[in-house]
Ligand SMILES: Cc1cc2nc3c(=O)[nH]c(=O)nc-3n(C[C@H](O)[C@H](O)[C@H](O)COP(=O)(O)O)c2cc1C
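This document starts with one chain, in the form predicted alone, laid out as structure tokens.
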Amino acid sequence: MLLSVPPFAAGPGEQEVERLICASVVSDNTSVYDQMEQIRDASMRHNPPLGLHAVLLYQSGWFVYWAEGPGSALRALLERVRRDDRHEAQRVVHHSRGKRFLSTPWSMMMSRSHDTPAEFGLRVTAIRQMMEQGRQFAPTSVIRRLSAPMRLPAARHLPDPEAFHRVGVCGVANEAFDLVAWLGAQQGQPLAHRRFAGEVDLDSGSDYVEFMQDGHPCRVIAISRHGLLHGLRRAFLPDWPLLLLVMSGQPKRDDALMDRVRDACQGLPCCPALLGIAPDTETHARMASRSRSEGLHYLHGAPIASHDCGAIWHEAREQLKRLGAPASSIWPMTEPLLAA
């Protein structure tokens, strides 16, 4: 069902930006990273003064460019991008207005994939055709559908392939990546690996695994503390009903993790609930108090050791049951359809 009111619309007194995502075929795949570095340098010079924030993704011989900003500046940027000979066959795959999703001027991602350019292109065409029929997906959903579609056989024929649980995990050290690796082994599912780069020094990695959980597709994503502040990663936080925080019981390290979460959530349209995993009740109480002071919602249960992956996932699973079925990611078409 289409929504009657655009999600994440700008409220009274809030800045409204125009959002645009386009996909295009890379002309020369021999030096893609150098091309992305050049595009980053030019974008960092020209875009911030105009209020433009952007993300560039490369995968399977395609560029995907997501930009947000004032309408006139964004459309001028689109024209410049169209004339760039480093790519061709540009297609617009999302167009909307509302609150800003991209909190930093620039970020980019190179994604390893076994998909051919033709397979990636089929996903681009499918999303574009949906737009022409008057349906589209949220900006983050478009990026996921292109670069990381849900691949579980049991989820392929669902009415909305984007209606799956998304659970983020972050710890003071490597606990998040350990949990995702454990889940992959338990479920017999492979891990996916991603690399993100920021405008200066926010390069980071992320792993995820997907499986069926209580009748619903589920994806669990491990991120580092450093990765929480990456612009593209922050844009995805509103899509996550839960962010698991695996604490150590050491106040200095746990406070540092909460500081990163606070900074990552600042200015977002909405934030995930924080499911605290802590070894003792004192840590839970302190983190719950900190969360309240930052306007964040903290959930906690019985004390759990940071290495007890089975108990951690049991806690997360119970919370997912309380949340019920995953929400749809279909948005209404509120803008005139761009021709590209």
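Small disclaimer: the values here were computed from a predicted structure and weren't measured. From 1 onward, residues are counted along the sequence shown.
Just so it is clear, the following notes concern the form predicted together with the named molecule, a form of the same protein that is not shown.
Proximity of residue 271 to the named molecule in the predicted complex falls outside the 4.5 Å heavy atom cutoff. Within 4.5 Å of any heavy atom of the named molecule in the predicted complex lies no heavy atom of residue 156. Although the partner is absent here, residue 46 sits close enough that one of its heavy atoms falls within 4.5 Å of the named molecule in the predicted complex. Contact annotation for residue 42: at least one heavy atom lies within 4.5 Å of the named molecule in the predicted complex.
Across the options 311-319, 290-298, 50-58, 274-282, residues that bring heavy atoms within 4.5 Å of the named molecule in the predicted complex belong to 50-58.
Among 243, 180, 124, 77, the residue placing a heavy atom within 4.5 Å of the named molecule in the predicted complex is 77. Proximity to the named molecule in the predicted complex, taken as a non-hydrogen atom within 4.5 angstroms, holds for one residue of 128, 216, 86, 262, which is 86. Contact check at 4.5 Å (heavy atoms) against the named molecule in the predicted complex: all three of 65, 81 and 106 pass.
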